[in-house]
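Only one chain is shown below, in structure tokens, and it's the form predicted alone.
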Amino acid sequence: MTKEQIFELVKNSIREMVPEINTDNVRIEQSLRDLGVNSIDRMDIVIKCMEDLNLKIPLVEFGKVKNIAGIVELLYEKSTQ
């Protein structure tokens, strides 16, 4: 799966978990916090992405990422190992 496909997967998860956010305007350099996503929904979005990719990544690793690009990069790295 490419980084672009993973970004689309993240946007789909955002759309599902927080339907009031218009994901058409979501940019990869934004953070979920900037979009107004609370901490519980952020965790749910990350978990859904991992489930969709059949990955198991300790959630603490996502604490280091600053934006959606970081989430995409971490998911991509783990999916190609």
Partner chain sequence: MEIGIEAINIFAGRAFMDVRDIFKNRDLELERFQNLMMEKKSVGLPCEDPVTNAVNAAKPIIDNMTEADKKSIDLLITCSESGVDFGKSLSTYVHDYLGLSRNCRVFEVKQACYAGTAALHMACAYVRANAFNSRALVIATDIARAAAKHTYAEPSQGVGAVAMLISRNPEVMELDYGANGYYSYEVMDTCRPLPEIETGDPDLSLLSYLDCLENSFKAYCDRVDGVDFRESFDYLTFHTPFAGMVKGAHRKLIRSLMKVSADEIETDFQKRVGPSLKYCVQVGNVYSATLYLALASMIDNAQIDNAKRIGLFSYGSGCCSEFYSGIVTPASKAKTAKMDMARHLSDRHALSIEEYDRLLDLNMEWTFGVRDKEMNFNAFSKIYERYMEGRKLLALKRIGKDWHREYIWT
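Positions refer to the first chain, counted from 1. Just so you know, these numbers come straight off a predicted model, no measurement behind them.
This protein has a second form, the form predicted together with its partner chain, left out of what is shown; the following refers to that one.
Legend entry - R27: touches its partner chain in the model of the complex, heavy atom cutoff 4.5 angstroms: Output for R27 is no: heavy atoms all beyond 4.5 Å of its partner chain.
Legend entry - 4.5 Å heavy atom contact, N54 and its partner chain in the model of the complex: No, N54 is distant from the partner.
Legend entry - in the model of the complex, G63 touching its partner chain (heavy atom, 4.5 Å): Yes, G63 sits close enough to its partner chain in the model of the complex that at least one of its heavy atoms falls within 4.5 Å.
Inset, instruction - Decide whether P19 counts as a contact residue for its partner chain in the model of the complex under a heavy atom distance cut-off of 4.5 Å. - result: P19: no contact with its partner chain in the model of the complex.
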